[in-house]
Structure formats: C-alpha cells, structure tokens
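Shown here is one chain on its own, the form predicted alone, set out as structure tokens.
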C-alpha cells in the first residue's frame, strides 16, 4: 500500500504540469487579452481627443513599436509561450512567486491569501452543515423507504439539486432580502459596514450613566461578541444555503442508497435472525459500513481552503476566492487566474490521495496494489 501512495504522489507532478500548461497556453492565445485591451483603450482615448498632437502616436493612431514592446514586456508577452510557461513555473516553485495582477499590480499570492478567511468560513460551514444534515436525513429516508416522508423529502432533494446554487441565490434574495416580499436578510456582502465598529459602539454606552446603571455589571465585551455573531449569521444564512444545496442532495441520496444496500446483506439478515432489535442492527452493524463511502469524502475537506463558487459569490457580492476568480476571468487577469487554478489543483490532488487513505483506513478489506 505504501508503494501505491508513493506512485500517487509522483503522479501528481505530471498531472499538475499538464493542467497548468494547458491553462497557460489557453491564456496566451485567447483573443481580447490585456494587450488588446490596452490598445483598445489607447485607440478610444485617441478618438475622443481627435487623434492628433500626441508624440506617442504614429500615423493611423497606433502605438510606436517601442511602446508596444514595453507593453508586451509588462504583461510578460514578449517571450514564446513555452519559455514564458517555464519562467512562470520556475518562479512559482523556487521563489513562491505567482506574479502580479494585471489590474491592481498586487502580488497574486497576497490577493488570494487575503480572501482565505472568507473562503474557509464558507467552506467549513457548508461542509459541516452538508454532512450534518445529509447523513441523518439519508438514514431516515432509508428506514422509511417508500413512505410519504421518503417521497416528499426526495422531491425536495431533487428539486434543490436541479436548481443551480446561483439561481437559487437570486430567488432567495428576491423573496427574503429585497423588501418586496420579506426583508429578513441583507442583500449581499459578508458583514455589515459597522461590523468593525461594534466594540466601540458598545464601549460608548459605558459613558452614559443611565445606560450603565440599567445594565449594571453586564459584560459589554460579550455583548459586542454576540452582536458580531448575529451580524455574521444574518449575512451568511442565504449564501451558505446556496453553497451546500448541491452537495447536500448528493450526500443524502448516497447515504440512503448505501444504508439500504447494507441492510440487504447476509450479515444483517443473520443479525435479525439472532433476535437483535432493529435499532441495534441498523445503527450498530449496518450504519458503520454504510458510512464508508460518506467518510471517504472527508478527504476533500482540504478544498474548503479555496472554497468559493464564482457565480454564488457574484450574486451575493461576497469578496471571497470565487468573486476574485470571476473578476480575474472576466478581466483577463491571467496571473491571478493561474494562481487560483494552481492552488485549487494542488488541493484537489492531495484531497484525492487523502480520500483513498481514509478509505483504506476505515475499511480493512481495501488493499491498494
């Protein structure tokens, strides 16, 4: 088994190289890149100014070759694609340098790492809630198979699965945040504008004698913490629901089918024949083996570091990894696109290996050769 995992680790190298090379080549040859955008802005500026009098222009309103070469060098487009990819890969591996954003000139790693807290928050919350709801619901559906509860819950699960998260987000905003129907939640964002001022707002209350007397020895720091928690929950309910709805449906059906498959096995029939109670047979014998395909998905918990749906974060205007990637793709910010892609690929590859390891650890019958 050790040899298997060593081979899997070694296979990560060509996989990573292949994915990043293809993506890098695509960014080099896509039309409408940063160089074309700069030239377009230059031509529009020339058209607005009448096209004359600029020492930087040639006949026809085009940039001189020297200025064009400087632009290519600034966007790292002055070298052939294979050479540019080799330079990018060398800098990333040996210097941990993913380059600078074309738009903001900020370091790519700094731009990504600044969004980590938001991504980890939504990733962990959605991950925990998806498993926490799906596993009990799948067990209940398997126990009550073909009942009214099973049919109703299945309909709701598959309706939720058929609606994309971003489309569900738009509907939720219309009905629960726009004020046209209900105004229970904010329209978007990650926290309120006064979130950082909540401690100082509570602190000011101490200067008011009447309020201070009314509250007595109430701990205002705890009050501030509660206010922040409530604020964060208000801004998180709708996005988290949209994040988890797809995986929630998949995990629920997988849990139900896995438990029903194990209930039909010979060892379960034998346990019933011995006179064991249905609760003990299902929850002590069948459930343990049914959780194996569910538990192996825990290996992908590494991906929560970069969790973020491009369209969901766009709908809710959440400044996380997803919105950062969306803006990078729309704005042809190729260094940022490559940085996000590279980190995602590495986390997915390590997550797959961790899932295989958990599978072998949980089920002693599994032997990788």
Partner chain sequence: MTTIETPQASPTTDAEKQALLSVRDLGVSFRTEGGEARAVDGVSFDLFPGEVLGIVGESGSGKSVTSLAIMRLIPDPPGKIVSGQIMYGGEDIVQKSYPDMRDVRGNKIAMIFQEPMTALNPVFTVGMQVMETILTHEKVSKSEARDRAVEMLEKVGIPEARKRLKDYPHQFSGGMRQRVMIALALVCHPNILIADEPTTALDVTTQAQILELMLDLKSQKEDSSIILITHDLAVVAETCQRVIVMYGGKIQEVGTVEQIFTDPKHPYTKGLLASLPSTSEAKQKRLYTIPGNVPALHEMPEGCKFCTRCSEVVDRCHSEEPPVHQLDSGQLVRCHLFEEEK
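This is a predicted model, so every value here is computed, not measured. Positions refer to the first chain, counted from 1.
Not pictured, yet referred to below: the form predicted together with its partner chain.
- Proximity of residue 292 to its partner chain in the model of the complex: non-hydrogen atoms within 4.5 Å are present.
- When its partner chain is considered in the model of the complex, residue 141 lies well away from it, no heavy atom lying within 4.5 Å.
- By the criterion of a heavy atom within 4.5 Å, residue 266 is counted among the residues contacting its partner chain in the model of the complex.
- For residue 280, a non-hydrogen atom is located within 4.5 Å of its partner chain in the model of the complex, even though that partner is not displayed.
- 284 is the sole member of 184, 94, 284, 151 with a non-hydrogen atom within 4.5 Å of its partner chain in the model of the complex.
- Checking 114, 84, 276, 168 for any heavy atom within 4.5 Å of its partner chain in the model of the complex turns up a single hit: 276.
- Here the chain stands alone, but in the model of the complex its contact with its partner chain, taken as any heavy atom within 4.5 Å, falls in 266-274 among 249-257, 95-103, 127-135, 266-274.
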